[in-house]
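In structure tokens, the next block holds one chain alone, the form predicted on its own.
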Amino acid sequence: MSMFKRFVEPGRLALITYGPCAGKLCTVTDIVDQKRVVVDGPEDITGVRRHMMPIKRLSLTDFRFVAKRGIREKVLRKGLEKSGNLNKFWESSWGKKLKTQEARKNMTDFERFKVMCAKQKRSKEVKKSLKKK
């Protein structure tokens, strides 16, 4: 059994961790050399246009579909729709975590206050129920 499961290969879904497209999903379309790959969104689906990117700026996911090197955008779009990898990612625990982080980041001051009050109320109820025993 192999120690590694996520390989850099065409059709691999990845999350961009650094740069102007940070936090967006992309698909590896071609391998340039040991340290760089060509990624594509497609732009209308994920907001990432086709460009070269260092592998250090990517986090590889478990999701991939069979694709040839240098896959065209039209075929890439069909492959993503057929495999449903984007939806699978957002339904995974990693995707849910990113959604909650984004929701917290976009909260207003009053919304943060309401969350704090709800946490305090829940904590009091838990302490009260544990104290009765």
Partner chain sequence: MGRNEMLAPGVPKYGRSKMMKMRKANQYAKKGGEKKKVEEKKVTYGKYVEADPVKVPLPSTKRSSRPTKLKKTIKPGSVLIVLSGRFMGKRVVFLKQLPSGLLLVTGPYKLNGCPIRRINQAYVIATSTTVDISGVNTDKIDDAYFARVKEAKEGEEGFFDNQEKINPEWLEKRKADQKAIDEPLLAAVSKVSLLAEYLQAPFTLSKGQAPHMMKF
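Please read these numbers as outputs of a predicted model, since none were measured by experiment. Positions refer to the first chain, counted from 1.
Not pictured, yet referred to below: the form predicted together with its partner chain.
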{"query": "Contact label in the model of the complex: residue 69 to its partner chain, heavy atom within 4.5 Å", "finding": "no"}
{"query": "Partner contact for residue 105 in the model of the complex: its partner chain, 4.5 angstroms, heavy atom", "finding": "yes"}
{"query": "Partner proximity in the model of the complex: residue 125 to its partner chain, non-hydrogen atom cutoff 4.5 Å", "finding": "no"}
{"query": "Close approach of residue 119 to its partner chain in the model of the complex, 4.5 Å, heavy atom", "finding": "no"}
{"query": "Residues from 87-116 in contact with its partner chain (non-hydrogen atom within 4.5 Å) in the model of the complex", "finding": "105, 106, 107, 108, 109, 110, 112, 113, 114"}
